[in-house]
Ligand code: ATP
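The chain below stands alone, shown as structure tokens; this is the form predicted on its own.
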Amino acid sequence: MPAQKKESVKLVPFSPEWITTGNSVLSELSSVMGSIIVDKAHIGSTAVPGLRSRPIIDIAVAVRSFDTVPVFFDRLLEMGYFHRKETDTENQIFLSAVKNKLSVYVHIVIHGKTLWNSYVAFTDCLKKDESVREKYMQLKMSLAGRFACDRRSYTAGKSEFVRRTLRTKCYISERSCGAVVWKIRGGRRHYLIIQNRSGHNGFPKGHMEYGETEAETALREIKEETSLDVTLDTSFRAEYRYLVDGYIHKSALYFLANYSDGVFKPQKGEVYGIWLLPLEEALEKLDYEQDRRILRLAEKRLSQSEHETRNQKRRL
């Protein structure tokens, strides 16, 4: 089998036409997908005046969910946007087109998640920080000289610079909400523990979608991940923060949630295990001490409420 031909890399001076084409593409996409678009942006080097680049227009489109995106594929195809299914990932839907004789790549991502935040933050940094912009251009020119016929190696060579810039120059925050879900079984309090796609055992939680309140996110995520309808207690709030990849500042907020009826069922493709366990077994099942701390706080709160209820009944 003959070796696959490698795509060439050629950098050209910035052209105002890139901005014009980017704006035109944003307008076209809005005319078709406007009902589901939360935000959109021209990203990457062609969005940065003065920066040499391969003449490819990168567009990021942020949506709440990928579920409704396929509805628009036929209309987008009529306008010259091809869905490149083989390039899709679990975090991105990819389209390509040619507009004004320029290649256009459209990255459809989830609003507020890492890809969207990183695309926008890095592009904004290039626009605002002259020293970052100059270092990036020098790196690109060096890589283009070394890998003139190898696009993949050229792209890989930029990755560490992008990550370092995001770590040192950008602040990206992401928020998840969920709940410690409990139920009385056999006269004892039991807690719901799930195993997520990463293989970690914790509580039901998920990313806040655009326009949602914290409580709405928690209820939606519990329903999606466990199939349960619960009663949420928002007077209980327990939170922790952590850093991912050295630059993504994540926070997770948990309420309390109770259910009496219904059968829990793991969400296909997202939840790989689900258990209803008494306190000590639930503590052992959890992977992280920060989750165990929250479970102990939840148990303390519920025990106090139970004690107060018993005292009130005695007084009556």
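What you see is a predicted model; the values in this text were computed from it and never measured. Note that residue numbering follows the sequence shown and begins at 1.
Another form exists, predicted together with the named molecule; not displayed. Remarks below refer to it.
Enquirer: Check Arg237, Arg301 and Ser305: does every one of them have a heavy atom within 4.5 Å of the named molecule in the predicted complex?
Expert: Not a single listed residue reaches the named molecule in the predicted complex, so no.
Enquirer: Which residue, His107, His111, Lys205, Lys140, has a heavy atom that falls within 4.5 Å of the named molecule in the predicted complex?
Expert: Answer to the contact question: Lys205.
Enquirer: Here the chain is shown alone; which of Ala148, Leu77, Val244, Val98 has a heavy atom within 4.5 Å of the named molecule in the predicted complex?
Expert: Residue within 4.5 Å of the partner: Val244.
Enquirer: Any idea which of 82-90, 161-169, 132-140, 192-200 reaches within 4.5 Å of the named molecule in the predicted complex, heavy atoms considered?
Expert: Contact criterion met by 192-200 only.
Enquirer: Going by a heavy atom distance of 4.5 Å, is Arg64 a contact of the named molecule in the predicted complex?
Expert: Answer no; every heavy atom of Arg64 is more than 4.5 Å from the named molecule in the predicted complex.
Enquirer: If we define contact as a non-hydrogen atom of the residue within 4.5 angstroms of the partner, is Ser176 a contact of the named molecule in the predicted complex?
Expert: Residue-level check for Ser176: yes, a contact with the named molecule.
Enquirer: Does Asn258 make contact with the named molecule in the predicted complex, using a 4.5 Å heavy atom cut-off?
Expert: Outside the cut-off, so no.
Enquirer: Although the partner isn't part of this model, could you tell me whether Gln267 comes within 4.5 Å of the named molecule in the predicted complex, counting any heavy atom of the residue?
Expert: Answer no; every heavy atom of Gln267 is more than 4.5 Å from the named molecule in the predicted complex.
Enquirer: Pull the contact list for 8-40: residues with a heavy atom within 4.5 Å of the named molecule in the predicted complex, in sequence order.
Expert: Counting only heavy atoms within 4.5 Å of the named molecule in the predicted complex, no residue of 8-40 makes contact.
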